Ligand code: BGC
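Just one chain follows, in the form predicted alone, and it is written as structure tokens.
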């Protein structure tokens, strides 16, 4: 009892200190606001350069500096434009894409990833990192799928929270995006995303809520699209009600570039800073004429906008600045920043993420791993093998200190004793997207036909072929601002792969894709298939390590791979791309694997899927209720044994099924996961906990989360379809 009392007293003291610090901060904010002129306040509400907003130097309030993420600090550009600056000391780490990070299913690694981004933002003098993106992958055609984590809100939340904490541990604010319902680029500046309340709260809001309540994210960026007819940056229901009131967010809301559309709309809702509006004068951006600049000053003076609206926005900005300890301090010294960028430690994190993200889709008769000494000549086929991806994809352009391509990694790994020949098979053109017809055409010409012939001949003369293809960051593929026209591999790669397999059946296919693709008839003939997203600066080395068995693959899919686009729920029962005015999320909560598993649609590769060079056995399932502070939860315990020939890591996944409910619920929902690293022959006892929210659904009528008495099934397995253990319990 004495120990309990001491703990309670200690917690009370900590709470008192926290409350005291918060009260002191708010008093300081009040003093600063009362010391400002109206002009100074409004000067803080809009950009004064392409990537900064104004401060008040006489009060020690600095400009606030922003940078794009999420996989590296954006290259420096001129103050009044997008032209890159030719600095020689700003090259930084290029980490794997967030879709790759998600495929690791490793929350501890997500934290380390975040610390790399945060540390390099700090070294470059940035205050706010515009990352991560936590939008749900509703449509795999979305050109930003590679920047997001998953189709599932649970794993998105579990990966985003440590990522955010990692960034903010470095004294840099994370800015979570894009709030909310950003699922496509098609007409994104005009379209309104229409979704029912239950789907909104169960699928599209949980990651934002986790970012606010669990990670303490300091900033939020609204999406470009509208929600229920109003642009997100001017949507009082979205920003003031859902975000600020319901989630309790008290930080900074900063618009996306060109995300504000009117002075009154932005002034009267909780958006604090306007960035990137394309208002120009004499060919230059006129920051003083942004909607929240001189036009706002005029409307405050005329009485159309209350001065309190301006004060509230300034308070939110100052609150972030004080949390970062920026006010009254000398600017961060960026001298010598080159020594703090792309360090050996940061490169090690990039390499570990890349290794753990690679997904083994197929491995007939243990074709992989490869024996390096077993091949005299290896043909590497596919233009992606020699491509560098750091500078592509839209806003997250990274000036990488270096980037090891797949071709370079393979050559380095096999050494001088094996000849490696390269035949691209196709040439990347970066051809423009055609929005009028919503198509992206990649046709071969005569020169490309010659490349195909050369690739086939190289394959025929080799002992082994490593095909490295997939998607790129060209417009219309995995790129911001554009949607994919379909799920097919561009540049007629299906035909190329088939021709290569005809010439040499000993062909491993590696698909570099930030989003799912359809697989042609060649899939049945390829002995081994690997999938990876964009793997960052150490990607080529990581890929080679997996191919040759230095590392056992452990990546798992976080987005379902359908057999064809028509099987996807946004096409089957939903709506994509909608009209110029609206897109309706008719599939409701049945997004991704929820749709496939509930209605028994057959995917090509299911959610959570990924093979290994070893095998695992599950057993001894036990469910046990736990009472904690009057609330009941369930502990799910089971054994995992490595039954294969090598050490390896399994990602065990916990799904829940509600057997009895007055609304339709998915057949299964991910509610837990864990990485289990085991030496061969070893067994480990794993325990996961189901809390109350894991059993609940959102009732739109009462605007609350509810749980109903009834029977629940617990499904434990290696993917949403590969269930190894089942149990059940009753909720009374």
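Positions refer to the first chain, counted from 1. Treat the numbers as computed from the prediction; the structure is a model and nothing was measured.
There is also a form predicted together with the ligand; it is not shown, and the following applies to it.
Listed range touching the ligand, judged in the model of the complex by heavy atoms within 4.5 Å, from 252-260, 298-306, 552-560, 211-219:
Stretch with heavy atoms near the partner: 252-260.
My question is simply whether residue 224 lines the interface with the ligand in the model of the complex - judged by any non-hydrogen atom within 4.5 Å.
Yes, residue 224 lies within 4.5 Å of the ligand in the model of the complex.
Would residue 68 sit within 4.5 Å of the ligand in the model of the complex, counting heavy atoms only?
Judged by the heavy-atom cut-off of 4.5 Å, residue 68 is in contact with the ligand in the model of the complex.
I'd like to know if residue 51 sits close to the ligand in the model of the complex, meaning any non-hydrogen atom pair within 4.5 angstroms.
Yes, residue 51 sits close enough to the ligand in the model of the complex that at least one of its heavy atoms falls within 4.5 Å.
Would you check, heavy atoms only and a 4.5 Å threshold, whether residue 138 touches the ligand in the model of the complex?
The answer is no: residue 138 has no heavy atom within 4.5 Å of the ligand.
Between 594, 351, 177, 313, only one gets a heavy atom within 4.5 angstroms of the ligand in the model of the complex; which residue is that?
The option sitting close enough to the partner is 177.
Proximity to the ligand in the model of the complex, single hit among 130, 477, 500, 103 (heavy atom within 4.5 Å):
Filtering the options by heavy-atom distance leaves 130.
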